[in-house]
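Shown below, as C-alpha cells, is a lone chain in the form predicted alone; questions about how it binds or moves come after it.
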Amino acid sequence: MDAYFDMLSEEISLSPYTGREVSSVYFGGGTPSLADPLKIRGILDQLRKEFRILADAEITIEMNPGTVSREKLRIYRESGINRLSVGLQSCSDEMLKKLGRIHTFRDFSDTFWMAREEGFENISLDLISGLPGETPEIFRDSLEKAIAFAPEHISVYSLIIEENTPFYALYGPSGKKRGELPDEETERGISHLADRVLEASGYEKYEISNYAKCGYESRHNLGYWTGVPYLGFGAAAASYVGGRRFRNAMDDDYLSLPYEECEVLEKEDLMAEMMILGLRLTKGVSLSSFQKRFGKDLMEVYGPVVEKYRSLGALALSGDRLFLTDYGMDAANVVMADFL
C-alpha cells in the first residue's frame, strides 16, 4: 500500500494539468476506506498544492460498512472530506450474504450513526436491486429501512453480472443458479417501486439510478453526465480532458506503462456522448446547449432518431429540453444506442 500511494503521489506531481480549478474530488472503489486515513489526507494535501480546489468543493470517499473507525472518520473530516458514499447494497442480511459482502445490516447501522456523530451531513447510500431470490417485497423492506436513516442521497443500481467472476459462474447464462434471478418484468416493477417510494419520501430522481434530497445531487457524477472534464489518478483510472479520453493501465506498476486506452474524440463522438450521457438525467439534454457547443441544431443531427422514439412514447420534447419518458427510462439502453 505504501508503494502504491507513493506512485499515486508521483503521478499527481507529474500531471500536465496542475493549476486547474477543481470543484469535486472523489476517492472511488475498490474500497479506499481500507487504506490508512493518513495516506488519504496526504493525497488531499498534495492535490491542494497542485490544483486550485474550490472552498466549497464536494470531496467524497467511498466506504464499505465495517471498514472505518471513529478515528478514521475524524481524520476524513479534518482532511476536508465532506461526503461519504456508503456501499450498503441491501438491508437484508440474507441478500448481503448472497452478494458475498463482509458486513451485516447492523454493521452498516453502527457505521452510519458513527459518521453522523462525527459531523458528516452529506451521506449517500448505494443499494442493488435484482438480487438472486429478491422479490419486490424484500426490496421494498430494504429500501424503507434505508430511507429511515434519512441519508441525503440514495443510488439504486440494477445487478450487473460480469464475466470471469464467481457470480457469473453461478448466475451467468449457463450458471446453475440462473433461475434465482428476478425476471425482466419483476426487475422493471422493482425499479418503478423505487421511484414511487423514494419520491414519496422526499427524494427527487435526477438520473436513471440516483435520487437526492433537494440540493444534494452528486456534483461529481453530474460532471460526468454533463461533459465536465475530469482527471483520474491511480491504476485503471480514466480521464477526460481536452477532447481526449485516456485510461491508466490496470497494474501495480501502472505509472511505468503506457495508457491502456487513449482516444481523441471527434465532433460526432462528442455529440453522441452528449446525447447518451445527457439522457441519463431526468431533465435530459438542452437543445440550446447542444447548439452552443457544436454550432448545429440538435434536430438537424438527430431528428429521425428523436422522432422515432417520440412516436413510440420513449422521448419527450418540452421547451428547450429533450428527455426520456418513464417508458423511455425502462428502455434507456435501446434508445441511447440509436444515437451512436
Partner chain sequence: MAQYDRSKIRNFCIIAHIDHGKSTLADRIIEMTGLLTKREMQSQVLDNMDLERERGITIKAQAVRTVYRAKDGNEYIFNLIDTPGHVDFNYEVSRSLAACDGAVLVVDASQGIEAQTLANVYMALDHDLEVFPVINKIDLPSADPEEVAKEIEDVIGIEAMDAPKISAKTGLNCEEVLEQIVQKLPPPEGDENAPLRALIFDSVYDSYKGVIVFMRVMDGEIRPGMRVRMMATGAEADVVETGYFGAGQFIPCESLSAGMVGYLTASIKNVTDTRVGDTVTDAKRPAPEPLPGYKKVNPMVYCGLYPADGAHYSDLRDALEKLKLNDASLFFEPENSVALGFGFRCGFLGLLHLEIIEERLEREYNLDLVTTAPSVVYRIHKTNGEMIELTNPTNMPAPAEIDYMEEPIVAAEIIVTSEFIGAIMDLCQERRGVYKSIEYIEAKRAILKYDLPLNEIIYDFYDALKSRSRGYASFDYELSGYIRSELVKLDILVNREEIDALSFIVYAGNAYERARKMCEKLKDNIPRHLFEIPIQAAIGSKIIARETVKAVRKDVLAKCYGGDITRKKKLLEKQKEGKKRMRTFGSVEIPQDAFMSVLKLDET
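Small disclaimer: the values here were computed from a predicted structure and weren't measured. Positions refer to the first chain, counted from 1.
This protein has a second form, the form predicted together with its partner chain, left out of what is shown; the following refers to that one.
Screening 174 to 182, 110 to 118, 160 to 168, 134 to 142 for residues having heavy atoms within 4.5 Å of its partner chain in the predicted bound form returns a single hit, 160 to 168. For the options 263, 253, 94, 199, the residue carrying a heavy atom within 4.5 angstroms of its partner chain in the predicted bound form is 263.
Checked against its partner chain in the predicted bound form, the residues 57, 281, 276, 44 give one hit for a heavy atom within 4.5 Å, which is 276.
Contact between residue 316 and its partner chain in the predicted bound form is not found at the 4.5 Å heavy atom cutoff. Residue 152 falls outside the set of residues with a heavy atom inside 4.5 Å of its partner chain in the predicted bound form. In the predicted bound form, its partner chain sits beyond 4.5 Å of every heavy atom of residue 77. When contacts are judged by a 4.5 Å heavy atom cut-off, residue 244 does not count as touching its partner chain in the predicted bound form. Here the marked residues 3, 68 and 102 all miss its partner chain in the predicted bound form; none has a heavy atom within 4.5 angstroms.
Using a 4.5 Å cut-off on any heavy atom, none of the residues of 92 to 106 reaches its partner chain in the predicted bound form.
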